[in-house]
Every structure is written in C-alpha cells, then in structure tokens.
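Given next, in structure tokens, is a single chain: the form predicted alone.
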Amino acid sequence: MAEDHTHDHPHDHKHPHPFQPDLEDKPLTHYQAMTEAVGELLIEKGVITGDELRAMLELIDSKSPAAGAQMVARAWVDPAFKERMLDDVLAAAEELGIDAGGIPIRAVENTPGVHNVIVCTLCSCYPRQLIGLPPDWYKARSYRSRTVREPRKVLAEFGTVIPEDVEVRVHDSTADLRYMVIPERPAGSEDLDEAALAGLVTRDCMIGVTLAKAAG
C-alpha cells in the first residue's frame, strides 16, 4: 500500500532543510554503547520495563534549572539552609520537596575571594535533576580540556572576567560525584523576595561560567 505523504503545510524545495546528520552516521562512542547495553540488560533481567526506562528518560529531558535556582535562592536568604546544602545537597533538596536523584552532588560557594567553575573532563557528568540538560558547549572537548588548563581565559570568553586577586577553583564532575555552584548573591537584590531571587539564578551561573546579576 502506498504511503500517504501529504503535507498540510507549504514545502518549498527551492530552500531545502539544512543537513542534519543522523546519529547512525557515526559509530557509537564507548559511553553510548555502554548505556545501551546496560539499559537492554536491565530490561532483559526484569529490573525495569522498557516503559519505565522511557518514562525516566522523558522525566530527565523535561528538567530545567528551576529546582537548582530554588535551592540557591533559599541558600541566599537562609544561612542555616546554605550550610546544610554545602554539607549534603541531596538532603537539602529533599527539605524543599525536590528530587535531586541518587548520585551525590556537592555544592561549592562563590565568595569575594573564590570563584568556582564546574567541568566534566571525561564526558558530561552534570546534576541534571537540579539544573536541567547540559548545554552543548559543556560537552565540547574544547571546554572540557581548556577549563582545567586555562580557566580564566575560558571564563573571559563567556564574558566573566575574574580579578587576579580572586582564586579560581575548577571542580571535575564524575559519574560518582556531581558539582553545582552557589553563586554570590548580586548587589541590588537586597529587597527581593525568595521567588524573585530564584529568577536571577541561571543554569550558567550554577555551572560557574557566569555571575548572577540583578535585573536592570
């Protein structure tokens, strides 16, 4: 039976779609092959079902930086919560009804004398449950290698110039331990409530490549 290929929108072939290579155009990386193998094994052994795996992947894909921003805003207004967050991110997240996953996460605090930046030198390990999907640049080989060697130069390329008298610390996330940054509360935000403060917290400042800034 012939396939119905009717479109309900104009399709101007004078302007073809830009070429987008399929995933199958390249061989799987070691980690992609391992991920597929583990998923297939878990389903085969009855540990999870294919539908449960799909639902979990869908949940991960739906995550945004909102949960992490909520935690940072609470840390800015509640010093006791900040200390608990620095001690145990997963437990602190649970206090706010946030599911941060099961992989340990360590929060590192930016201060007037220390600026923290996060990288994963092997792949793209990252606290997705709290700050959403990692950006493409975080997974790029250039970022993964250069951030360790020349962090100030990389930060400057993001528009973040760190004074020479401020120490820059680079933290390498792994499969067993993820990191997130508690950025400094920006000047001019003193009169904002917690919800408004959360709106100032971006994904990039929780990675450490940018600073939190007050609106206006």
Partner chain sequence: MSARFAVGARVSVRAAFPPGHVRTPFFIRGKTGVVTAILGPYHNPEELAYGRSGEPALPLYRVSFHTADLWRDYDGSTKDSTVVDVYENWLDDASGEKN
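Numbering follows the first chain given and starts at 1. Note that the structure is a prediction, hence the values are computed from the model and not measured.
Keep in mind that the form predicted in complex with its partner chain is missing from the display, and what follows is about it.
- With respect to its partner chain in the predicted complex, the three residues 82, 195 and 213 uniformly fall beyond 4.5 angstroms at the level of their nearest heavy atom.
- Contact check for residue 66: every heavy atom lies farther than 4.5 Å from its partner chain in the predicted complex.
- Mapping the unseen interface onto this chain, residue 151 counts among the residues with a heavy atom inside 4.5 Å of its partner chain in the predicted complex.
- Using a 4.5 angstroms threshold between heavy atoms, residue 74 stays clear of its partner chain in the predicted complex.
- Taking non-hydrogen atoms only, residue 121 approaches its partner chain to within 4.5 angstroms in the predicted complex.
- Contacts of stretch 67-106 with its partner chain in the predicted complex, defined by any heavy atom lying within 4.5 Å, are made by 104, 106, listed in sequence order.
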